[in-house]
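Presented as structure tokens, the chain that follows is alone, the form predicted alone.
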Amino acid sequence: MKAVILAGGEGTRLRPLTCNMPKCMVPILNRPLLEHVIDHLREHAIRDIILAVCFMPHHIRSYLGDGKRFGVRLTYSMESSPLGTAGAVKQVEAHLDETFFVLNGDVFTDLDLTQMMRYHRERGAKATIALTPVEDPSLYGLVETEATGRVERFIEKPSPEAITTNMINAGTYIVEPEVLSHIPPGSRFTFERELFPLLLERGDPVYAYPAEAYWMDIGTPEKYQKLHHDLLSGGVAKGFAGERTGQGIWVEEGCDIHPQAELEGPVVIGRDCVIESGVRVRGPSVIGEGCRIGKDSVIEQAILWPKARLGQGVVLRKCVLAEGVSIGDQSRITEGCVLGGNAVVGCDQSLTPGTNILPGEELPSSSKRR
């Protein structure tokens, strides 16, 4: 069975975390999101995967390679300019000679793909769209269906008075290869606004697959942190890398954790980290590979990417530090702050909640950022 993963997004709303990498490669529990998506496909016996890439493709290719070490076979399709969701799939039409999945590479879900395929085949659908419920459907595309599950119409980002359902397009599709003939080659074309409505006009059977599966689009730093909170707190069945060393504590190899450091789960710590005496880490938190946490520092509900460096007495609360960030002694990084890769914060800083710092930006010691 085959799948196409749409992995070309820039992730502009997730900046500064995505200034130097595509959105699908941001780490989730110390592994790129795209690796989690591939693992999910493999668990459902889908091992022939095409990656439609556009923005910074070298980050993706250098990490995933041919897919062999992840138990799959990867093929890459490069877009010179964005072709839209359906246009990107049209470009690899020659590889798609059987029923196939299409997935968004920036969504984390535990959707039962095997059951969805069974549903698709039982109904003889030309396309099946996974649906998920949300609290505020006005931000998404609604899908109205008949009692049988057949799609009646689509409503893109409806006004409040036009909302008739809270079930939205979850960005996972099953498609029969013959419908690709309706997509103009080399043109920007989407499933959501062009292809699926066209199939409805033709009378082709398009079905919706409603699911209560976990679903999270990591489009913003808030959603990125929420996904980690959900995964670490047990809201989604998910294993963690490393050895379980305490209640809700997972530590990978090569770490040096002082016996007077205090860890309160759920916490995941990547390999080769150094955590000095007096440090307190309270979950849900993630510490990436090769981080160094100085004496008496406090980490609460924070996400640290690899090689972050914290001086002594640093306080992190509900924030995200990208790779290689350095924080000076006694500085405080508080709720909603997001620091881009290799940013430097000097000593005795106290960042205003919600502050974003661009990659490589430096804040000198004892200078308040407002």
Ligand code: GDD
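Owing to the predicted nature of the structure, the values given are computational and were not obtained by experimental measurement. For every residue, the number given is its place in the sequence shown, counted from 1.
One more form of this protein should be noted, the form predicted together with the named molecule, which is absent from this view; the next part is about it.
- Here is the short version: of 156, 201, 212, 97, the single residue with a heavy atom within 4.5 Å of the named molecule in the predicted bound form is 156.
- This chain is drawn without the named molecule; in the predicted bound form, the residue among 285, 297, 128, 85 with a heavy atom within 4.5 Å of it is 85.
- Stretch 77-85 is the answer when you ask which of 113-121, 261-269, 285-293, 77-85 has residues with heavy atoms within 4.5 Å of the named molecule in the predicted bound form.
- When contacts are judged by a 4.5 Å heavy atom cut-off, residue 3 does not count as touching the named molecule in the predicted bound form.
- The named molecule in the predicted bound form is approached by residue 53, whose closest heavy atom lies within 4.5 angstroms of it.
- Although the partner is absent here, residue 173 lies within 4.5 Å of the named molecule in the predicted bound form, judged by heavy atoms.
- For the chain shown alone, residue 9 is a contact residue for the named molecule in the predicted bound form, at least one non-hydrogen atom being within 4.5 angstroms.
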